[in-house]
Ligand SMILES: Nc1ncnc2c1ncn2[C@@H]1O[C@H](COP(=O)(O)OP(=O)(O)O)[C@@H](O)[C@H]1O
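Only one chain is shown below, in structure tokens, and it's the form predicted on its own.
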């Protein structure tokens, strides 16, 4: 278990992380999600011991590690490029930390064999990193941390440099490793799909502030703030003209997900007329860009006969699923 108790972080006079409290349970796959520069990697590095905190404390499994150096925290770090030694074999890479710690040869051999077996890369023990696939390299990076006895692994955007297909495969690989081996994972990303698909819980961060903690479903369906609503998945902000027609309250900001904007049959008395301004064919789904009462709106629908022949400039009828509208009070 990892706890941040009122932790703040400063670079000089600039506060990059406002006082923040957080509890990550043992065995969780917990994600720090936010745009570039929001402070998520800074929090990760503070947990690892690479960044000092200005106030508050950090505990790992009940031990206050706030003032511990990184090597004393029993926390492993998996970097973007895996940081494997290219001239060493898999066995040598995994054993490196144990050799630095001056463990006996017999202890190193036993521990390395066990972790290579557990991570499914024992058959690659004699290979060097250049001979391994991305997934196999990922397993070596995880094995290297686990062999030191840690049960907490920190992942600093390890998939950001991969193409889309490899990235998707690696998401499943990391998730399967974490599930099978039961370690606590803290994962940093700015990719919403990545975060939603992998995490047991997430923290959304904005400009050094904690916006909301919850499951993927909670953040998507019940966002606490307009920022979370717009950052976690796509969301239309409903303009004043459409809000007036729908009878939505003034003094609030209203949002609706594109999948909750539906096409209606011609002549539907409850529908609104819209004009198609663009069409994105996405395979199984089609995203329509619309103009309604002079205001933009996106609609996400199944690719089928209803949208196959839609063209820019064509008029359509649509309904908004009003019970799925998300409303937030305007700030004072």
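Keep in mind that this is a model prediction, so the values were computed, not measured. Positions refer to the first chain, counted from 1.
Although it is not shown, the form predicted together with this ligand is what the next lines describe.
For residue 36, a non-hydrogen atom is located within 4.5 Å of this ligand in the predicted complex, even though that partner is not displayed.
Although the partner is absent here, residue 59 lies well away from this ligand in the predicted complex, with no heavy atom inside 4.5 Å. Not displayed here, this ligand is kept clear of residue 310 by more than 4.5 Å at the level of heavy atoms in the predicted complex. Interface residue remark: residue 41 is counted as part of the site for this ligand in the predicted complex, having a heavy atom within 4.5 Å. Residue heavy atoms within 4.5 Å of this ligand in the predicted complex occur in exactly one stretch of 302 to 310, 28 to 36, 286 to 294, 267 to 275, and that stretch is 28 to 36.
Applying a 4.5 Å heavy atom cutoff to this ligand in the predicted complex picks out 11, 16 from 10 to 30, in order along the sequence.
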